[in-house]
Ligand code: BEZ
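Consider the single chain below, provided in structure tokens and representing the form predicted alone.
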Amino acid sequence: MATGNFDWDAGEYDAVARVQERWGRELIARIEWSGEESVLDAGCGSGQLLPYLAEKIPHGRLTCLDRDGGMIEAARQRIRALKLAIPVDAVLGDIAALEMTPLRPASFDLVFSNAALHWVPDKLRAFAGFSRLLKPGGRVVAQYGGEKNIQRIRAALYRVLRELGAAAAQERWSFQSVEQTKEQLKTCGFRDVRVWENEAPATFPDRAAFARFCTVVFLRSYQSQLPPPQWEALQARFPDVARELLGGWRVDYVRQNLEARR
């Protein structure tokens, strides 16, 4: 669930990322399982989905991958605590550079990825990595931010950054069209390619819950780019500007879904 070129706080993310966990559980539920798959969870975050994936493969193997050291350590702690009956590994590595990881080519039946690929600018390289790691006939199933994801959230963010004189701060997300994703998957040798999008707005009960979620999930990537006074002002001002543009304490999520076979 987590990647991007900045450090995440695994505990804070786990505390707020109920929406992302729900998406992941729904994604797992729609997959047809044999129970013997070797699975790569690409962008696993702290391993929130680890028990749900493991439950589906009682005779399989699970490898969790994330580029963030804190997230991988949290995933390893979760693995130790759960004492699962199947082999489970947690590997430090980047979805955007899978060829640099110790993972063996043609060793997975399924690459699964939830709420992570929108942090990867070079998706063609990521898809090529998935193709390299999958066995012949293996599948990739993923969901992440679509082309029009969080448009009003982003508009609110840019407005506040301009107000603070920090408009040059760079966003970390990378969204693309359904057609671009289809073409990239086909270029990487995938067949039976399906890519589609759906709206998935998330609502929050009050300003405090909305502000905490947005700070952890959206604003954190800007912290290293801003001096402390601007960072504090961004956190203070953003929720109210976002509420004005969105008409409530809500996030305008649009999810891109993909399924393809090697």
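Here the structure is a predicted model, which means the values were calculated and not measured. When you see a residue number, it is the position in the sequence shown, counting from 1.
The protein also exists as the form predicted together with benzoic acid (BEZ); that form is not presented, and the subsequent description refers to it.
Relative to benzoic acid (BEZ) in the model of the complex, residues 23, 119 and 145 are all within 4.5 Å by at least one heavy atom. Proximity to benzoic acid (BEZ) in the model of the complex, defined as a heavy atom within 4.5 Å, singles out one entry of 128, 141, 150, 161, which is 150. Look at 197 to 205, 44 to 52, 213 to 221, 65 to 73: in the model of the complex, residues with non-hydrogen atoms within 4.5 angstroms of benzoic acid (BEZ) sit in 213 to 221. Benzoic acid (BEZ) is not drawn, but in the model of the complex it has a heavy atom within 4.5 Å of residue 253. Residue 175 belongs to the set of residues with a heavy atom inside 4.5 Å of benzoic acid (BEZ) in the model of the complex.
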